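First comes one chain, alone, set out as structure tokens in the form predicted on its own.
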């Protein structure tokens, strides 16, 4: 775990990208996803998920790596933790499953930094809040966003059915319509960090 208010961001061109077998989504629609969430809640209780903010730079401006599904939907790499799983270890596992090559000696060095945001899903609905509403005693999901410090060079293997995009902070800022409330507020959450733009 890296606790630092300085984030070294390296040029996007430092990183190499390949592909690997598709990672199919478990659900074909939002309704399916919420139904599966309900089922899992009955079995395991509140869902805990972790997502990574991976930063690179282009033109001396921070960019976040997002996975794009289809033509419109973007999400942060990460996912649901197993019951009782440690958040940091779980995030490393999820990042490797989404973005690491299948070869054990090509695993990126995931340096998990601090948790910058916590979002709550009070009901089996798409709406999430950056706080748990006071009348909700049994939230259905808690989602935590962590800054991940990338090494100077890494190889990412992207599932064939997904695209990995580097999106500038200025495009994300306040762009709820395109990216949703969680991703569009990341620029505010990162504002207390100092970005060390390293050009190589």
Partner chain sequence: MGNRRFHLLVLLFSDQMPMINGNSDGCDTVVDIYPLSSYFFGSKPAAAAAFKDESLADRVLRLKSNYNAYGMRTCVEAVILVELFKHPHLLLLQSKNCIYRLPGGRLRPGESDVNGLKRKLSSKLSADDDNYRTDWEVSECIGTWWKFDFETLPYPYLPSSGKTPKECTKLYLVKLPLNRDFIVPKNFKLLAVPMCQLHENCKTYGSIIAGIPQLLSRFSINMVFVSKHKLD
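Numbering follows the first chain given and starts at 1. Here the structure is a predicted model, which is why all the values come from computation and not from measurement.
Omitted from view is the form predicted together with its partner chain, to which the following refers.
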{"item": "4.5 Å heavy atom contact, residue 110 and its partner chain in the predicted bound form", "value": "no"}
{"item": "Contact of residue 185 with its partner chain in the predicted bound form (heavy atom, 4.5 Å)", "value": "yes"}
{"item": "Contact of residue 60 with its partner chain in the predicted bound form (heavy atom, 4.5 Å)", "value": "yes"}
{"item": "4.5 angstroms heavy atom contact with its partner chain in the predicted bound form for residue 155", "value": "no"}
{"item": "Of 166, 35, 69, 169, the one that lies within 4.5 Å of its partner chain in the predicted bound form (heavy atoms)", "value": "169"}
{"item": "Interface segment, criterion being heavy atoms within 4.5 Å of its partner chain in the predicted bound form, picked from 37-45, 155-163, 137-145, 24-32", "value": "137-145"}
{"item": "Residues of stretch 173-199 in contact with its partner chain in the predicted bound form (4.5 Å, non-hydrogen atom)", "value": "173, 181, 185, 187, 188, 189, 191, 192"}
